[in-house]
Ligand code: GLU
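First comes one chain, alone, set out as structure tokens in the form predicted on its own.
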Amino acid sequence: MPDPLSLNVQHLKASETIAIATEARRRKAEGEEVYDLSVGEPDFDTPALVAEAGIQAIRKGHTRYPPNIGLAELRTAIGSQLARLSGGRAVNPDNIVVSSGSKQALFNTCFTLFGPHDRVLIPAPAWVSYPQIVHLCRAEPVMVPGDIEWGLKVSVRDLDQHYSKLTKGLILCSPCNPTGSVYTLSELRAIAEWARKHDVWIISDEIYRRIHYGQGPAPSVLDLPDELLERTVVIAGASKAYAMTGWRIGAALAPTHVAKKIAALQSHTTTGANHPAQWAAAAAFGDPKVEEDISRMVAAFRKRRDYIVNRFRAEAPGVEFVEPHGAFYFFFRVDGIRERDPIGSAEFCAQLMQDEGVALVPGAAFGDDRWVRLSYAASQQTIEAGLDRVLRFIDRLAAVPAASNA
């Protein structure tokens, strides 16, 4: 019998989204026709100017250990962009720590702030890694169900219902994965005021901030007054808006004493992020020419979003969904499709893959088995063909009695 593993990993599960994407690739490699609408990865190439900056960094010999906290040039570029996006507010680059992707920045932050007996509120449905990261810190994730009438977002009332004296943190994601919902500035203010009242840390994951279908970037906690940000950490990164998922560059903007501890933690784990990739990211965050690439990608995402929403409204009018205002996800409800014997998300996705060759992510992975996530970070051709099959599958589920569906 194998030795028992550490209590550190007793709650740990592999990422469901990564597992589904891996299975889709396996099926494709074996020659199956698969339409992968599961993965949260832009289908665009990294902007040429950014890629060239990375290539030039290698040619110039920037391949040795970088500074643990990140290149000064990159931290300055990130700080300047965050300041610009939030109306010119002061952002000190010394309070920014660059990590190997925003997931590491999130882990570093949680590991620095939370520990045994702490509770961390997580609005649900939520990205699969949030509760896993909190568990790794030996803290307790507390899922706070969102309100369907409010785009599955949470209110101060919802937070109050799940608050206790052990509550130390709140992980907020806007624009949200998996729903595409976006918190308004007034909603963020109310939540920040609630957090200050209860001495709760806010970790604001803003990796999708630039992918917003309203005017300008999505509202941010950085748009709020300084007095509401004393216990706030902002997570940023290059993966989504700049199509740089494989470059692995993320960052945390934190109060000085927290940033120093995050840097100390990182110095004993990974140390500095990939050196050439940091120079590429410095171009992404700092060169105004890259803004044209962002605008082009967001416009394409908006077109895809509109296409999916319009088709669901026209062809599946009884299916409830969250209309996305940011990110590149479409979250729809499946438990009401079949009148008898309601279907759960895991069964829906497994049967859809088997019958139609389309990969989606079950909402159970995000904490709610009634829903399914479709990613439109895929080509228009893939979206159209995949959506044909999804809607056909929904029609079949709705039309055939459950007893005959086996």
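Since the structure is predicted, the reported quantities are computational estimates derived from the model, not experimental observations. In this text, residue numbers run from 1 along the sequence as written.
This protein has a second form, the form predicted in complex with ligand GLU, left out of what is shown; the following refers to that one.
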Heavy atom within 4.5 Å of ligand GLU in the predicted complex - residue from Tyr242, Phe330, Phe114, Trp127: Trp127
The single option of Gln278, Gln266, Thr232, Asn177 touching ligand GLU in the predicted complex, heavy atom within 4.5 Å: Asn177
Non-hydrogen atom contact Gly344 with ligand GLU in the predicted complex at 4.5 angstroms: no
Heavy atom of His135 within 4.5 Å of ligand GLU in the predicted complex: no
Contact flag, Lys103 vs ligand GLU in the predicted complex, heavy atom cut 4.5 Å: yes
Partner proximity in the predicted complex: Ile18 to ligand GLU, non-hydrogen atom cutoff 4.5 Å: yes
Stretch in contact, per heavy atom within 4.5 angstroms of ligand GLU in the predicted complex, of 351 to 359, 36 to 44, 60 to 68, 23 to 31: 36 to 44
Residues within stretch 192 to 226 having a non-hydrogen atom within 4.5 Å of ligand GLU in the predicted complex: Tyr208
